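Taking the form predicted alone, here's one chain by itself in structure tokens.
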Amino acid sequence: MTAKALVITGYGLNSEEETAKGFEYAGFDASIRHINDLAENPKELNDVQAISVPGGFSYGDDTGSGNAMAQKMRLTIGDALKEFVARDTLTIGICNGCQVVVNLGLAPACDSQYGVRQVAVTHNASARYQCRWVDLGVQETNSPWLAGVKSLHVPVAHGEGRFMMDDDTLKVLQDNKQVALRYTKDGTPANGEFPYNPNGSTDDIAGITDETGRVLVLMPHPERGMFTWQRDDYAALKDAARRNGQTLPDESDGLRLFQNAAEYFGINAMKKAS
């Protein structure tokens, strides 16, 4: 079986190639579509099983990260997106895409209030752009994206990645198991400590879902940590493996999300894209 994945791009989104490659490697028939082209034919989403809004700096973040792109998408394909997430589909928003999807109100969408923004993703507590590798703990969640995954070592690259919300919303997310990913230090919660929590995010939150778990948004970049040679600790891992007579696997943590998406749709044979 083959499922289709669509990666939306345009106006400063810049991680579409890596994201599409992750889907392709996992076995999807993946394509990249500019938001203007999708706006001309929103019904294209009817034939798609997974979509991603990737990272980047849409509209230069001039009106706040993800705000302008979210408005563009709301006005052009908003209804089609709501219909898409209502089906048995998967959606992932990564970094700037996370900000866009949150601003669209497709996550966390508590009480099925799709289209209502319920959390904010705002300026880092450090007031500085942060680009570094982080460790994430996968929380108890029903998200197909994270099935069987306990932890992730992936990079972040953002200036506005701080999840913020009121106490009532936070409690709902915690009670509903919609907090999917938290920043960690040595396998335990980062408790806001920099740089383990790189942005000061409330409750160390790095990613959340809607109530179904099928819509996942996260600030870290899984598509930039799909292969072992991409890791910041690759040299040390390679040296340790050589000393122990072992061979490092090609695949690394970030790829697992795309593989989980493929497994969700019954894609069995991995297709390694050239």
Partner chain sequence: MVQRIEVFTVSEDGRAKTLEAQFKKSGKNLESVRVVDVYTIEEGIQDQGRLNACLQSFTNPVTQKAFVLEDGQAPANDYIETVGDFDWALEIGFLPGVTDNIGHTATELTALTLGRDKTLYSSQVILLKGSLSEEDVKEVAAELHNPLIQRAANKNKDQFLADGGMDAVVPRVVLDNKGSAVDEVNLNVSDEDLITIGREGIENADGSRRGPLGMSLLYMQAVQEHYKKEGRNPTDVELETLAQTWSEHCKHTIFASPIDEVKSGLYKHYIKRATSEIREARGSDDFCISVFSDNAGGIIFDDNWMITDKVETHNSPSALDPFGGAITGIVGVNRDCLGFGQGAKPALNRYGFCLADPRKDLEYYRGKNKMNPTLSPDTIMKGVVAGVEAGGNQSGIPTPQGFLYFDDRYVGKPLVFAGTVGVIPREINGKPAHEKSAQPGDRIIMVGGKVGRDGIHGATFSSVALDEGSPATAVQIGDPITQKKLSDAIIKDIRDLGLYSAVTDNGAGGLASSVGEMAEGSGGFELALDQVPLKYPGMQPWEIWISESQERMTMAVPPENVDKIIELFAKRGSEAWDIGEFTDSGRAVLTWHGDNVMDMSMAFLHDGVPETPLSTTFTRGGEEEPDLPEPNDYAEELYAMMGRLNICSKEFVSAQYDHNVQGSAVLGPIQGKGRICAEATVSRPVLESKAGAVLSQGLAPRYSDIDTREMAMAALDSAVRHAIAAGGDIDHLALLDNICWCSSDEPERLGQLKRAMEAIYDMAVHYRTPFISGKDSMFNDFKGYDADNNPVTISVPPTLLISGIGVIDNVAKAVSLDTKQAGDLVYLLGETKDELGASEYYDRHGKLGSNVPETDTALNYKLYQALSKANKQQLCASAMAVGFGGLGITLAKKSVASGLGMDIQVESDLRLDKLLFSESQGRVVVTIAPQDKDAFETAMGDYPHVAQIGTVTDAFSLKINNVEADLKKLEEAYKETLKDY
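Since this is a predicted model, take the numbers as computed values, not measurements. Numbering follows the first chain given and starts at 1. Between two forms, the rigid core is defined as the largest C-alpha subset superposing within 1.5 Å.
This next part talks about the form predicted in complex with its partner chain, which is not shown.
Within 4.5 Å of its partner chain in the predicted bound form, a heavy atom is found for none of Gly148, Asn197 and Glu263. Taking the partner from the other structure, its partner chain in the predicted bound form has a heavy atom within 4.5 Å of a heavy atom of Glu17. The shortest heavy atom separation between Ser126 and its partner chain in the predicted bound form is within 4.5 Å. Proximity of Tyr25 to its partner chain in the predicted bound form falls outside the 4.5 Å heavy atom cutoff.
In the predicted bound form, its partner chain lies farther than 4.5 Å from every heavy atom of Lys82.
Put simply, of Lys177, Lys72, Lys185, His153 only one has a heavy atom within 4.5 Å of its partner chain in the predicted bound form, and it is Lys72. Partner proximity in the predicted bound form, defined as non-hydrogen atoms within 4.5 angstroms of its partner chain, places exactly one of 135-143, 116-124, 177-185, 85-93 at the interface: 116-124. Along 155-173, a non-hydrogen atom within 4.5 Å of its partner chain in the predicted bound form is carried by Pro155, Ala157, Arg162, Met164, Met165, in order along the sequence. Once both forms are fitted on their core, the CA shift for His34 between the shown form and the other one remains under 2 Å. Core-superposed comparison between the shown form and the other one: the Cα of Lys43 travels less than 2 Å.
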